[in-house]
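In structure tokens, one chain follows: the form predicted alone.
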Amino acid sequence: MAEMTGLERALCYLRGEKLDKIPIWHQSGTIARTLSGVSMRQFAFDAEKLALGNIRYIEKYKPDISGVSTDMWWAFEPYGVEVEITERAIIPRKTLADRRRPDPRIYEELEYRDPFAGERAQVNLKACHIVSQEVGNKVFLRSGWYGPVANLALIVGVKELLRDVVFFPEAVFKAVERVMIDWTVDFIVGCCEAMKPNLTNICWAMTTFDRELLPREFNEEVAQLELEAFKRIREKLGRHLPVTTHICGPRPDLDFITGKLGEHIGELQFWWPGSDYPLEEAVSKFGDRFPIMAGIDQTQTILMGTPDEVEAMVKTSVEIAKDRCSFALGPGCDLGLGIPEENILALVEARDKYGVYKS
């Protein structure tokens, strides 16, 4: 079989078709920033530099699937969420809720604010368009975000929302229904539009369904809110895009997610190794229904291991899933700063050694 581009490889993987080798997904805003050659502040406010860093990352580390990565806070700045931008990082400093005094009025008074009203939002939209134009015909580009409940948590504070949903759940969920579903739909549609004509996937972070986060009695209500957002996004886009379950939590409730949201899912992506859901079990249970992406641990092996240990990790993952499902290699989340260059390069070398399909 002829060598495929990353885009061709990823599309065949998602369709469950024959391909030349197992695809790899990863991305990193912090590493892309170093490759841009500028400080984090310039990277965050300069669309050309932001795009350049992400393009250089794709060209250097050769993922088949990637995206435009900076940080998760820029879309929430119209709500007053404040960050500190240091030379190397973007750090959240202020969210809406008070840590010491739970107050339902925060949720009752929440109003819709345009996710693209901030300066950094416009920078990110422009960077998405540049990257799509430059490399969108070579790699599979993802865009996406969290669901409406998780977006509310990032606005008010994750710990605060987990507390408040127990104290006054009605106020929390009314705020999601009244404001955050529309906000989430508008945000994801806007990001998709920015990547025209090359956007191929919506990466939907479903860490809300980690078994250590929300109390399980709220799962049904959260799932219905997610489903409503899915429906509205597809109505606005006027087309179907594959939805990836981006699950970076250590205890992913894959059984609940696939049971409740399975009709909307185009790819099951989760963190293993690193989480308590074995890849072997996921392949056995879901491999006949979904393409599955896992197999790279971004918090241990890639960060602190050696290239030989990276190779062993890839080999183990491939041996579990290859030929048993449509499989791709991916980490639980973005790769962080400080990962040795040789470890990222070792991913492709190991894939080429163990993940090639026979003609």
Partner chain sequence: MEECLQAVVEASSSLRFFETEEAVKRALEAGVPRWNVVQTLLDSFHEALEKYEEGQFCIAHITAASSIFEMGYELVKLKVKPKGKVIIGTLGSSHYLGKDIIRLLFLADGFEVLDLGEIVLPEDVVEAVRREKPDIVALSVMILEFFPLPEGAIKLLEATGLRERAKVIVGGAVTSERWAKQIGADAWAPDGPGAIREVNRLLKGVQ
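Positions refer to the first chain, counted from 1. Bear in mind that the values here come from a model prediction, so they are computed numbers and not experimental data.
The same protein has a further form, the form predicted together with its partner chain, not shown here; the description that follows concerns it.
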N201, V243 and E311 each touching its partner chain in the model of the complex (heavy atom, 4.5 Å)
no
Among 330 to 338, 49 to 57, 287 to 295, 311 to 319, which stretch has residues with heavy atoms no more than 4.5 Å from its partner chain in the model of the complex?
330 to 338
Any of the heavy atoms of K159 lying within 4.5 Å of its partner chain in the model of the complex?
yes
Answer with yes or no whether S326 is in contact with its partner chain in the model of the complex, where contact means some heavy atom within 4.5 Å.
no
Does at least one non-hydrogen atom of W272 fall within 4.5 angstroms of its partner chain in the model of the complex?
no
Are any of the heavy atoms in T299 no more than 4.5 Å from a heavy atom of its partner chain in the model of the complex?
yes
In the model of the complex, the residue from R211, K196, K236, K174 that sits within 4.5 Å of its partner chain by heavy atoms
R211
Can you pick the one in Y79, W74, F168, F230 that has a heavy atom within 4.5 Å of its partner chain in the model of the complex?
F168
Enumerate the residues of 303 to 324 that have a non-hydrogen atom within 4.5 Å of its partner chain in the model of the complex, in sequence order, or give none.
L303, M304, G305, E309
